[in-house]
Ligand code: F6P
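The chain below stands alone and is given in structure tokens; this is the form predicted alone.
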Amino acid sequence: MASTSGAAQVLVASNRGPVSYEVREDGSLRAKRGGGGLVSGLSAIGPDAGALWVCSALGDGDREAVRRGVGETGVRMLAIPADVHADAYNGIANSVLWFVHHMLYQTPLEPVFDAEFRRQWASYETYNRAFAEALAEEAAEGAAVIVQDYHLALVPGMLRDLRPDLRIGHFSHTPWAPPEYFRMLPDDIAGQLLRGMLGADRLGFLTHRWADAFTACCAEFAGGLGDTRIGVHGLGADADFLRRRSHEADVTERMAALRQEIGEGRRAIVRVDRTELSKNIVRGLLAYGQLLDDHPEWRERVAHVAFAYPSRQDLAVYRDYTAEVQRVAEEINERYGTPGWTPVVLHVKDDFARSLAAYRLADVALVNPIRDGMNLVAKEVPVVSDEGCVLVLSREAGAYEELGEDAIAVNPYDVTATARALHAALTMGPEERAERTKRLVAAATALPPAQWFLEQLQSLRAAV
């Protein structure tokens, strides 16, 4: 699909690509294009750069597009068998590697590395090998390849064996587990992951903390980094896009609807997340409830606008978590609500325009993850907020490294302290709030997506 047969000079590999397909009722295919940092970055290098994006077919529409030979210029989609992809993506990447790097396991019961895990691990190897072989086939002599994230941790090593001439980079969008947690993995698997990563000339991380954790794991389990270089690239918000998009008509419409839900004149504490276990939505809701307990004066004067968009609902633990978010929100509304005031305005259907509307209305942004590679919401809300907002930020978010000084920092496990932080945010004077917002915006937009990608590419090409 859109093969370039060894001609690509710059290649990106990721599980999800820039386009997806669905089969219409009449049998025709509809393409839906995505955005994000990689799309911006590849656009920034220009149409004549010989760029190719290698990605996986994720659904029936994508697989049908591959079967029919339908595709986008500059994209090669791999039709990896659906069962292999499910084992690799859900079984290993999202149920093991994600849990290790986010330190999410309930260790009395999990993980269990048994025969089923080994079967799924074999699929993860197959999945990574399919990417490595496609990249080896498509890359021109000496081309630059940037592999994305924990789904493809084995690709650099596999690709190095196939094409030693290539400049290979890998970027991690998640945290990296410290050695004492990483060692939970079976010894051979831990070694295989590190060797896979160390096949790269250069590895990129979102923060120094995650880079240092990886380096420490290599020192303990792989005898060091060898010749691999480490870089830190803190992905920033795309201010131009966000400001433009947030003032389009559909966002203005949603602002009016949201304002009606909140109630005229009320303050808004806003959070926008996927219902991802690491996002800590339940404790955020509990902290808001604690705020209403500790400071009854805020009742009927503030609303918590909580957007919790479904994520990974094919995994039972995520479905259970989504249900708990809804239960706690309903409990708060039943306990405190009045005929004219809904304390928690909860939406679970994904709507980007409505998210931007909430950003614009935010007086306070609550970003309290247990552990997060970066968390772009923490960077986006200050950029978009009409009146400036106070950021209540978990010290466990990657964004804390850049934004911590001008946010109100919280321990994500401490509900009482988070409630105090929300009160401090709501009572902050307009002058201090404006000054903090100004500094937050400067830090949040320091490395916009296109520049973030180009910086990695330039560093990779300069690596020796």
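All of these numbers come straight from a predicted model, not from anything done at the bench. Start at 1 with the first residue shown and count on from there.
Beyond what is shown, the protein has a form predicted in complex with this ligand; the following relates to that form.
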### Message
Only one of these stretches, 329-337, 171-179, 196-204, 284-292, has heavy atoms within 4.5 Å of this ligand in the predicted complex; which one is it?
### Response
171-179
### Query
If you check Phe307, Trp98, Trp298, Tyr321 against this ligand in the predicted complex, which one has a heavy atom within 4.5 Å?
Trp98
### Contact assignment for this ligand in the predicted complex, among Arg360, Arg76, Arg274, His233, heavy atom within 4.5 Å
Arg274
#### Entry: Contact flag, His151 vs this ligand in the predicted complex, heavy atom cut 4.5 Å
yes
### Query
Would Tyr89 show up as a contact with this ligand in the predicted complex if we use heavy atoms at 4.5 Å?
yes
### Message
Gln192 versus this ligand, in the predicted complex: is there a non-hydrogen atom within 4.5 Å?
### Response
no
### Query
Hey, in the predicted complex, does Gln120 get a heavy atom within 4.5 angstroms of this ligand?
no
#### Entry: Residues in 290-314 with any heavy atom within 4.5 Å of this ligand in the predicted complex
Arg312
